[in-house]
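We begin with a single chain expressed as structure tokens, specifically the form predicted alone.
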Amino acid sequence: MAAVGCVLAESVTSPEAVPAFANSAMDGYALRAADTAGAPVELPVVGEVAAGHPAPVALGPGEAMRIFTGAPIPEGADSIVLVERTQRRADGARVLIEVAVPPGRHVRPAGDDLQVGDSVFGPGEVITAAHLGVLAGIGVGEVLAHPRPRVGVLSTGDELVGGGGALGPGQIRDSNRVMLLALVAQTGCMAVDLGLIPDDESAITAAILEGAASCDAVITTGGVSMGDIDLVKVVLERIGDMQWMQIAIRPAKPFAFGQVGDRSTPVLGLPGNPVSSLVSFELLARPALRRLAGRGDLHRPRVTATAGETFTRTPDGKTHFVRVVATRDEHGALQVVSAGGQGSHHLTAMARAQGLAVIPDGEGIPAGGEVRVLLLVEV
């Protein structure tokens, strides 16, 4: 169970055949197909066989045996007639077979799913519940997989408060940390709450170093803009090897990346505005964390949709990611419209969005035009 969601790091071959023996796919009567050629025919019933038990006797020519789903095929039998197509005589000693059947009907041959030595799964596959079922079915209790990365998330700022209650002057609620912890968990990583840290350089240093020592990656939010005088930036410049950048996208232009601590733990610095923080996570942090987890499918799916309204913008040298609601028509074609407010603080519209419409630099996209969409959820 612990491996669900992790990525296989080795090939798995089957040590045994599945199924291990020929068995019945249905309830009915085991017999020789040749004996049904003149159906309807009446045959003597020489026994019955249930799942988990061997047939009491071998089946001879002109004989039938009651059989239940999953039971081993008796020696001498090569086909199954459904119980619904039979009539058991009152004395129970004979059965009327109403239809003719070919050899192999409703018989699951040994090794029909897997043969000994067959390749079952390969490196890079994400382990699902179905994978666990297959592994259990071949007696494999342990596999080598990439560990689930531990990703620490912290917020800083005297203006931030957690939970409910009345806000003081100038205070805002810490929504980013809760949101990012959830995004980390949705990515398949283990989310580690590094807390809400006050504007104290020593406290911020301790929190980041603790995260770097105990986690595989650390995410901070806020304080990554050019010229931003923020204690997170001060601390990271002092204890880490950081790159501070401005990316030609809107929202989420400011971003920072570097390494901290003896383990060279990756640190990803996301912007502080809620929508910018979420979009930068989707575009930049999520692919990095999936790579860290051994995933090959790093990015959200991108599809072509029809603009259900005009997406107006002005040239500014940036690619815009517009939060959109996506719907499909009766033919399955995708159409998108704005999810609402597009400001970097409009988190409610972001919550309604199913995707991010990619609007290249220029004048925008007219209603009815084609637009590329990064899907955040399946539509």
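Residues carry their position along the shown sequence, with the first being 1. As the structure is a prediction and not an experimental result, all values here were calculated from the model.
Just so it is clear, the following notes concern the form predicted in complex with a small molecule, a form of the same protein that is not shown.
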* Asked: Do residue 259 and the small molecule share at least one heavy atom pair within 4.5 Å in the predicted bound form?
  -> no
* To do: Considering only heavy atoms, tell me if residue 205 and the small molecule come within 4.5 Å of each other in the predicted bound form.
  => no
* Asked: Taking the shortest heavy atom distance, is residue 274 within 4.5 Å of the small molecule in the predicted bound form?
  -> yes
* To do: Decide whether residue 160 counts as a contact residue for the small molecule in the predicted bound form under a heavy atom distance cut-off of 4.5 Å.
  => yes
* Asked: Can you say which of 302-310, 217-225, 96-104, 74-82 gets within 4.5 Å of the small molecule in the predicted bound form, counting heavy atoms only?
  -> 217-225
* Out of 150, 295, 173, 253, which one falls within 4.5 Å of the small molecule in the predicted bound form, going by heavy atoms? -> 173
